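In structure tokens, the next block holds one chain alone, the form predicted on its own.
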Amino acid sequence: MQNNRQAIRIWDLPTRLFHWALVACIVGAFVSVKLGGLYMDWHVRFGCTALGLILFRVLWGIIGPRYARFSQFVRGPAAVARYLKGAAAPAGHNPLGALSVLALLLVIGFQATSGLFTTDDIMTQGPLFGHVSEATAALMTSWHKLNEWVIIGLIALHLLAVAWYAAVHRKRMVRAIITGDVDAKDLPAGTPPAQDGLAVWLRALLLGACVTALVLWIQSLEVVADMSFS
């Protein structure tokens, strides 16, 4: 298929929904932890949801459509170097953007996982806090707090990169992750569109259901502290 259309579907619907759902979880988790108090219950909910989303994206990177797969966009140092020297960017994530994706998945995944074992020593704890020693919980809590700054830094770099591409290269990356379509002029000639139809959506729905069941099971393992004074 040649690039004879104005736009080509690159980002499938499940990938787009994942992106914006993760954005909502990150914002929600950040706001709720800063508000504290009773909002900490929401912080845990956002964290568990983010864990499910990360698990979904990792698996979707294996069984998802063409441009969602890690095998399509994860490249070695040589490809990154060629891109930095001016080589044309492929459809989907460019080699440098791929590193950003992997870094964000890693640090947000670690944040969500470590949060399962944390405690604020007041009234809120992660679902698996009661299954580890106090020393392990304290270590996880410390790393969880430090990793927040890593996430903020990576998100800031991500936003700067999006702004730079919009201002310098006139590439509408935000619009693309909303509509799923990329201007044909911004893609290599002959770029095929991504699959994005009922079969893909059903596959994502089944995967989402399995991941949701796993996260709910993890939450069910929470050891509820006895707050009675009898």
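Fair warning: this is a prediction, and the values are worked out from it, not measured in the lab. The numbering used is simple: start at 1 and walk along the sequence shown.
What comes next is about the form predicted together with a small molecule, which is not displayed.
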{"property": "Arg82: touches the small molecule in the predicted complex, heavy atom cutoff 4.5 angstroms", "result": "no"}
{"property": "4.5 Å heavy atom contact, Arg170 and the small molecule in the predicted complex", "result": "no"}
{"property": "4.5 Å heavy atom contact, Val162 and the small molecule in the predicted complex", "result": "yes"}
{"property": "In the predicted complex, Ala89 touching the small molecule (heavy atom, 4.5 Å)", "result": "no"}
{"property": "All of Gly126, Ile155 and Ile177 within 4.5 Å of the small molecule in the predicted complex, heavy atom check", "result": "yes"}
{"property": "Interface residue in the predicted complex among Val33, Val200, Leu187, Leu55, criterion: non-hydrogen atom within 4.5 angstroms of the small molecule", "result": "Val33"}
